[in-house]
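Taking the form predicted on its own, here's one chain by itself in structure tokens.
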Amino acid sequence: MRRRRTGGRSARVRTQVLQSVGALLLEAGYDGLTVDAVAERAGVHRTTVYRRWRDVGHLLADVLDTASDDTWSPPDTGSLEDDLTALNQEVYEALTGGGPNLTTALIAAAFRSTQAATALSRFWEDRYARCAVVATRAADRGELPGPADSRALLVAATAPLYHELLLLRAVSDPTLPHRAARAAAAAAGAGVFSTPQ
């Protein structure tokens, strides 16, 4: 169930609490993230946190759900390869940003918390839905032989980044976003992701 939207003091408290969740997750990891620690860091009473979020899993879920409360949309560069490169560049920067990385910390936490895992799935569903237009635009421009499975295309474009940077922990390679995008765009142009018309 998605959180209810509130304003005023309640919104300020929520902001303080969720910022504290992110900071503590980076500093202490999942095992060091407790409701009491979050309440202390946020400067609110522990009962406030327990009453609204109940446990760490729901706190993490709210942090992840908040990530979808934005106006982000995929860039329109004029070509499929460049659109995918721009998307991959955003992923690359999120995964390789200097210092502690909240993106990777939240992904790791999702393996420890059912609520966080469910919220992470919601986040990906939202992003895939927003990115469907990338395949539609490419088909309209004549870059694809017809309608394409946008999710399969996006997974093919971004998977090398997650595999190299998260799973293999490979040395950052600034050419990776474009190389992966180029390969996915070429496959799409060859009809690999085409859907029945």
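Basically, rigid core = biggest C-alpha set you can superpose within 1.5 Å across the two forms. A quick note: this is a predicted structure, and the numbers were derived from the prediction, not measured. Numbering starts at 1 and follows the sequence shown.
What follows is about the form predicted together with another copy of the chain, which we do not show.
Chemist: Examine Trp72 and determine whether its closest non-hydrogen atom to another copy of the chain in the predicted bound form is within 4.5 angstroms.
Modeler: No.
Chemist: Within a 4.5 Å heavy atom cut-off, is Glu164 in contact with another copy of the chain in the predicted bound form?
Modeler: Within the cut-off, so yes.
Chemist: According to a 4.5 angstroms non-hydrogen atom cut-off, is Ala23 in contact with another copy of the chain in the predicted bound form?
Modeler: Ala23 lies outside the contact set for another copy of the chain.
Chemist: So in the predicted bound form, does Arg169 come within 4.5 Å of another copy of the chain, heavy atom to heavy atom?
Modeler: Flag for Arg169 set to yes.
Chemist: Is it the case in the predicted bound form that Trp53, Val63 and Ala129 each bring at least one heavy atom within 4.5 Å of another copy of the chain?
Modeler: No residue of the spot touches another copy of the chain in the predicted bound form.
Chemist: Thinking of another copy of the chain in the predicted bound form, which stretch from 44-52, 144-152, 131-139, 64-72 has heavy atoms inside 4.5 Å of it?
Modeler: This holds for exactly one stretch, 144-152.
Chemist: Any residue of 19-54 with a heavy atom within 4.5 Å of another copy of the chain in the predicted bound form counts; write them all down in order.
Modeler: Heavy-atom contacts to another copy of the chain in the predicted bound form: Tyr30, Asp31.
Chemist: Superposing on the rigid core, is the CA of Leu161 displaced by 2 Å or more between the shown form and the other one?
Modeler: No: Leu161 shifts by under 2 Å between the shown form and the other one.
Chemist: Superposing on the rigid core, is the Cα displacement of Ala129 between the shown form and the other one 2 Å or more?
Modeler: Comparing forms between the shown form and the other one, the Ala129 CA shifts below 2 Å.
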